[in-house]
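Before any questions on how it binds or moves, here is one chain, the form predicted on its own, in structure tokens.
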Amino acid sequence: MTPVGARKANGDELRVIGVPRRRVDARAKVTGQTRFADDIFLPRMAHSKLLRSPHPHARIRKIDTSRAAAHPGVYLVLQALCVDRVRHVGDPVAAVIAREELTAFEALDLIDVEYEILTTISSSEEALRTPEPRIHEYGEEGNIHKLVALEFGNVEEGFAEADEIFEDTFFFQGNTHLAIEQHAAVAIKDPDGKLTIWSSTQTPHYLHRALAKVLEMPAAHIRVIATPNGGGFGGKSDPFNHEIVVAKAALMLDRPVKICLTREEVFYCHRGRHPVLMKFKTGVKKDGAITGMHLQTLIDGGAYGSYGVASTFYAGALQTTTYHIPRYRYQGCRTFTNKPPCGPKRGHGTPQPRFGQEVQLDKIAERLKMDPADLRLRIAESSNALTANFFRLGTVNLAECIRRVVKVSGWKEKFRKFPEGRGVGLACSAYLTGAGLPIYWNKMPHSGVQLKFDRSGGVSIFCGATEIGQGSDDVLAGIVAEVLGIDTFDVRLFTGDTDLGPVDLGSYSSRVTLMAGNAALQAAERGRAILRDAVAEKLEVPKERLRFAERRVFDSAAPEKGVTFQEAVCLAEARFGTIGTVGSYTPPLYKGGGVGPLRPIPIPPPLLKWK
């Protein structure tokens, strides 16, 4: 008997979603058959390694690759990486492509580079004090990458209404990812002269665009296949220089080229969490209600931009989604420094100020003589709320979560009851599901799904979403199987391939279930409607009475009257022709949906005078 899960809106039982079952990729992973990028081996394959800078900031005066190029087993040496300057230790200067990986390693030592050492900028405060030399010519001014200033409501009025004002400064030290799988990529020029690259990327579509731009090739002649990821966490969201290198080398050599970074090199790629210095000014009433908040952040971005502009916005704009803040002002500043570049790690931009806010809430609770859990329950945002900065919140179960944690942890019996030096604490965080905007502005869908219905009774899913271990393939299979009344084992998945599936913007910001899931739902419902028309005609029953379950399509009033799912597909194909459907999803646009301002405010001088 099929286990019963939750219930649909129409009262029918959910038989796939919410029901314990084996993940669609489970067997391959537990038996070691999943092929990650470094598992790909092709005939005549060469190997690449990158020469990296030993200096944090230097001008490249001269590169001599002649000795490396003459080394036995070396096929090619590429120089066009850091063309004029290196900006952090580990910045790639040149690439060697050789017969074996060890040979490529050996040849790196034969490349002679003459550097002119430049001033090293090692912190955000130093970046503000050191406008020259500029690490990059783009950005705001000097070594400031991005300035953000937003205000929603009159914050000064909020402070005037407060019974208490709290001002605190916090620092959150940066950190980095440690995915089990290092970055890797394999590229090949196919017999038609087109490029195919397999990569452990979270964003095949963005890599596809970057390759077309850098290699000056038509995008239609490039195929990106995102292999299963052994962990991403945001660290594989950027297009990387090693991916460009193997692509260019494969085109030049007309042979496959692979690169797999060492663990040390992964740390040079970084894209981890930004270090942030932050100032909070918060007004509260005696009952703990917040009347207004002013947040300032000084963000250390490292040597390159990455997703840093988004991180700078998120550090402020998402601060209003956990607790009710009726008036809010945010000022953010991201700087360039001579360190590996920070990027979109795990809710990027939000954990740092969330940490500061939670610590300050504990201080507020102490001053007001309130239980920290009770304070948070007093100010927690609720479902369907509209935040000060115009985020429309959907489902918010924060208050219920706090209540349950307080109950099962024995919070009331433990808080302030332990001996000195021991204790318990409580903190909350939140993040929105789905990124509201793509990294390049357009009005096209953020995700698409195509379904192919086969006469054998199988269904194939084509989608650009990337499986990085979070279970997105299983989500897509589960949604389609639920709608069509089949088993997930009847579904074949073709995901993360720019040649096979429609565009999906990538696996980041908790967006795949929301966006690709809705696209899959739409495609499956369209397919179900086609099959329902054909079966209703065959069974001579109203199509509204037909149900899809247990690999059957049947009359809900007389369940014994029906056809198999396979027969339903054949009936539909006989009537309508080959059956295929599409679905897509674009998030709703509304003021604030792109983490944008209601009205900008000037950056006051104190922001640029951090001590």
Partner chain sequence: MTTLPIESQKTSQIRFTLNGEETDVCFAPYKTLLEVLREDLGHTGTKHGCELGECGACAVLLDGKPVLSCLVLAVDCSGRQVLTVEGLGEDGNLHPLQDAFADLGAAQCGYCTPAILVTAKALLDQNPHPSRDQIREAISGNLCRCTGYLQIFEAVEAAVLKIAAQKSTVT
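Numbering follows the first chain given and starts at 1. Keep in mind the model is a prediction, meaning the values are calculated, not measured.
Not on display, but discussed next: the form predicted in complex with the partner chain.
Interface segment, criterion being heavy atoms within 4.5 Å of the partner chain in the predicted complex, picked from 99-107, 205-213, 401-409, 436-444: Of the options, only 99-107 has residues within 4.5 Å of the partner.
### Task
Report whether the minimum heavy atom distance between V77 and the partner chain in the predicted complex is within 4.5 Å.
V77: no, not in contact with the partner chain in the predicted complex.
Fill in: Contact label in the predicted complex: T34 to the partner chain, heavy atom within 4.5 Å
Flag for T34 set to yes.
- Item | Partner contact for A574 in the predicted complex: the partner chain, 4.5 angstroms, heavy atom | No, A574 is distant from the partner.
Would you please decide whether T130 lies within 4.5 angstroms of the partner chain in the predicted complex, comparing each non-hydrogen atom pair? Contact with the partner chain, no.
Contact residue in the predicted complex, from N229, T297, T320, S507 (heavy atom within 4.5 Å of the partner chain): Only one option qualifies, and that one is N229.
Handout entry: Answer option from R392, R455, H136, R263, heavy atom within 4.5 Å of the partner chain in the predicted complex
Key = Only one listed residue qualifies here, and that residue is R263.
#### Entry: Neighbours of the partner chain in the predicted complex among 27-42 [non-hydrogen atom within 4.5 angstroms]
Result: R27, K29, V30, T31, G32, T34, F36, D38, D39, F41.
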